[in-house]
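Before any questions on how it binds or moves, here is one chain, the form predicted alone, in C-alpha cells.
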C-alpha cells in the first residue's frame, strides 16, 4: 500500500518539495532536515493505516497538532520522518450532560472548547495563554495555564483517550468512571508523554458547571520582588483565587504595542492580575476585600474591574505578551517551575543572572502555582554572543531550579530544547525506567525519537 491510497485527497498529503515550510521551521531548532511526507488524516482509521504504513516502510513518526509547541518537540531532527498532522481532526463530537463529559478530536483548539461549553453553561478550566493550541497538544504536554492555581491542569480533566500505538494497535485509556483502583493508570502515563508513546485520536474531557460570578483585579507594585510578596500574601489569605498572574512592565510594553492600547495602570514596574470566581456574589465580594486588605500595604494601586470588558482587556494584555515579543524582538521563553514558597527566590535569582551574564531577563507567569516564564532577550547581540551568554545563563538557572526542588518544564514539555537539563535534574534510575516504559510501548523507537530523553 502507498500513502496515496490512504490519504487520497491531494491537499491532505505532501511529499518531497511539496512539504510546506511550516513543517520545516521552528524558532528553537536551527537546522531541520527534510521529511518523508506530511499526512493530514481526518479519521481515526486513517491514523491507524498511516502508522501501519510507517511500520512497514520502517519510518519514524512525528504526531503534530496546531504547531504551537515551544520545546522543539514537533519538528524532525533526524530526517525522513512521516509527520502525521491531526489538525483536520477538529470535531467536537458529543456533550454528555449526564456525565459532564465532552468528547473531542485531538485537533480541536482549546479556545473553541471554551467557547462551545461556556455557551451551554459548562466550564473547561485549563486555560493556556495560547488559545489556538490544540487539545491534543495540551494533553501531550499536560498544559496548565492561568487557572491552574485553583483548578489544576489538563491531566485533571481527561477522563478517557483513544490512542494508536506505534504497532498500529488501538487502545482505550481511562474510563468515564470517577474512581478507579483497577490496575495501572495508563491514562496518566500517556498524558505529558509528548507523542513518544502513542498518537491520540479521541479525548473525553471532564467539565464543570460554569461559575455564576467572576471578578478580576489588577494590582501594581514598585518592582517584581514586591509583586511576588503580594502573590504569596494572596495565596495565604484564603481568598481562593482562580488566577494569579505576574508580569513585568517591560514585558507588558510589547503586548501594548501589539494590541494598540495600554494596560489600565502604568504605576510601578510589575503587576498581578488576579481573578476570583464562584456562585455567590456577596461571598465573592468578601474574598475580594480580603485580598485588598492583604495587598494594599505592599502595592501602589489596586484596581477591581466591575466592567467585564475592562477585565477582558487586561487579560488580553497578559495573553499577548508572547505575541508582542514575537513581533518586535527575538527571545527565548522558559517554563521552569518551583514549589510556591520558592517562587520569589527564583525571581530574585533571575535578576542576578541578568547582571552576571549581560542579558536582559523578563519574568511573567503563574505565580499561584510556582510556574515562572523567564524570558531571555537577545537584543543586538551577535549569534555567537547570544548563544554563549544564553547557554551560560541557562546552566546557572537550571542548577538553581534544581536546588530549589523545581523542574525544567511545568507545561511546555521537554522536547529537544530541555533534554540536557532534564537529564541533569533527574535521577539516573528515573531516566532508566522512563526509557524502559518507552521500550515497552515503542520497542522500535518509531514515535518522536530523540525527544524528551
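Since the structure is predicted, the reported quantities are computational estimates derived from the model, not experimental observations. Throughout, rigid core stands for the largest set of C-alpha atoms superposing within 1.5 Å between the two forms. Positions refer to the first chain, counted from 1.
Missing here is the form predicted together with a further copy of the same chain; even so, the following discussion is about that form.
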| query | finding |
| --- | --- |
| Heavy atom contact within 4.5 Å of a further copy of the same chain in the predicted complex, the stretch among 255-263, 281-289, 303-311, 350-358 | 281-289 |
| Candidate site 57, 78 and 83: all three near a further copy of the same chain in the predicted complex by heavy atom within 4.5 Å | no |
| Heavy atom within 4.5 Å of a further copy of the same chain in the predicted complex - the one residue of 333, 323, 95, 186 that qualifies | 186 |
| The unique member of 194, 248, 294, 105 whose heavy atoms fall within 4.5 Å of a further copy of the same chain in the predicted complex | 194 |
| a further copy of the same chain contact at residue 13 in the predicted complex, heavy atom, 4.5 Å | no |
| Contact flag, residue 7 vs a further copy of the same chain in the predicted complex, heavy atom cut 4.5 Å | no |
| Contact test in the predicted complex: residue 119 vs a further copy of the same chain, heavy atoms, 4.5 Å | no |
| 4.5 angstroms heavy atom contact with a further copy of the same chain in the predicted complex for residue 33 | no |
| Residues in 214-247 with any heavy atom within 4.5 Å of a further copy of the same chain in the predicted complex | 232, 235, 236, 238 |
| Residue 289 C-alpha relocation of at least 2 Å between this form and the one not shown, rigid core basis | yes |
| Residue 318: Cα shift of 2 Å or greater between this form and the one not shown (core-aligned) | yes |
